[in-house]
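Heads up, the chain below is alone and in the form predicted alone; it's given as structure tokens.
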Amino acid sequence: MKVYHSDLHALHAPAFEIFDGGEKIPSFETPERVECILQALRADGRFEILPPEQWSLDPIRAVHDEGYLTFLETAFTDWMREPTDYEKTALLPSTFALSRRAGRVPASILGRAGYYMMDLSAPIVAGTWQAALASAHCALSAARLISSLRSAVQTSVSAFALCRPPGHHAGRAFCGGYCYINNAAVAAHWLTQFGNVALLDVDYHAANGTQDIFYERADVLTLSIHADPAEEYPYYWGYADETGAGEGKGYHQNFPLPFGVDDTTYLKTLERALERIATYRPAFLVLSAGMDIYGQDPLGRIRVTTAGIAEIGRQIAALALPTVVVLEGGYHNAALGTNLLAFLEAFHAA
């Protein structure tokens, strides 16, 4: 399997995030996550690790608002120019737009931050824009590979986008939850020029950004298996009755799960999601793979084992679809490489 990875991810290294209750803590989403994965992949020896191709902004603009992308690109520079005595290692706002009125984007950098940011877990630092672009380029490069290799005798080709920062909490015009550009959504939209796409998210947290981007579209079927948002981040998206709107009605499905779910229950839920994908008959699958479903993950309360993660990979691979696997969450660094390797082995033969 080919793996797309960029060293530029390390440019995004926030020193802190604001955690539940307002506590300022070291960020869980660190460059070390990628190093743990690379170590496991290189030790295995069956994965070809490649730099991503360079892309224009066009495929990213196709799923993200132009003003939002401009904000991401310029926010930290604008923050550094502010004549204040605030700490400026990272940009985070203190106010948020509960409703965003069209055309009312504040001139103030702090106002714009509150307009385009969903929460306090996506600080913007000097290298965030470059890292986020490179992450999206990894997903696009993997998408181009599977589209070029797809044939009647090689339908199950797959590639892995080692994306950092992750993306599935980034909506059309907002960042949050460690996510800035929705890598999986960018890849999925790009693939629609060749046929319909299913986008399955198996991260611990609901794929609210992905839901926001595709909610009114029928050419991308989106499904998310996650902890119940009534009790877990992102709280305001991810409920079972959210099924799409307009042309997209019936083309989005959430599978909220209670805390403590084990391998057996998770796999039964996955079976329902895979049945929906099979009925949809997509040309491609984009898979948002979050390893924070692991039972010991510090940010998760679903109890899937490494063996369960491997079985999830096997069952998804059985769809035999050209697949882009995109890294999302996973914060138990000691087990992250092992878990992801177990997951990817299901796709290796393709």
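Since the model is a prediction, treat every value here as computed from it, not as a measurement. Throughout, we count residues from 1 along the sequence that is shown.
Heads up, the form predicted in complex with a further copy of the same chain isn't pictured, but that's what we're talking about next.
Engineer: Among 5-13, 325-333, 338-346, 18-26, mark the stretch whose residues have heavy atoms within 4.5 Å of a further copy of the same chain in the model of the complex.
Structural biologist: In short, 18-26.
Engineer: Would you mind picking the one in Ser108, Thr279, Thr74, Thr264 that has a heavy atom within 4.5 Å of a further copy of the same chain in the model of the complex?
Structural biologist: Exactly one listed residue reaches within 4.5 Å, namely Ser108.
Engineer: Could you tell me which one of Trp237, Phe255, Trp129, Tyr251 places a heavy atom within 4.5 Å of a further copy of the same chain in the model of the complex?
Structural biologist: Of Trp237, Phe255, Trp129, Tyr251, the residue with a heavy atom within 4.5 Å of a further copy of the same chain in the model of the complex is Trp237.
Engineer: Report yes if any heavy atom of Pro93 sits within 4.5 Å of a heavy atom of a further copy of the same chain in the model of the complex; otherwise report no.
Structural biologist: Heavy-atom contact with a further copy of the same chain at 4.5 Å: present for Pro93.
Engineer: Test of understanding: in the model of the complex, would Gly171 fall inside 4.5 Å of a further copy of the same chain by heavy atoms?
Structural biologist: No, Gly171 stays farther than 4.5 Å from a further copy of the same chain in the model of the complex.
Engineer: Is Gly114 one of the residues lying within 4.5 Å of a further copy of the same chain in the model of the complex, judged by heavy atom distances?
Structural biologist: It does: once a further copy of the same chain is placed as it appears in the model of the complex, Gly114 has a heavy atom within 4.5 Å of it.
Engineer: Does Met118 make contact with a further copy of the same chain in the model of the complex, using a 4.5 Å heavy atom cut-off?
Structural biologist: Heavy-atom contact with a further copy of the same chain at 4.5 Å: present for Met118.
Engineer: Any chance Arg104, Tyr233 and Glu242 all have a heavy atom within 4.5 Å of a further copy of the same chain in the model of the complex?
Structural biologist: Per the other structure, all of Arg104, Tyr233 and Glu242 touch a further copy of the same chain.
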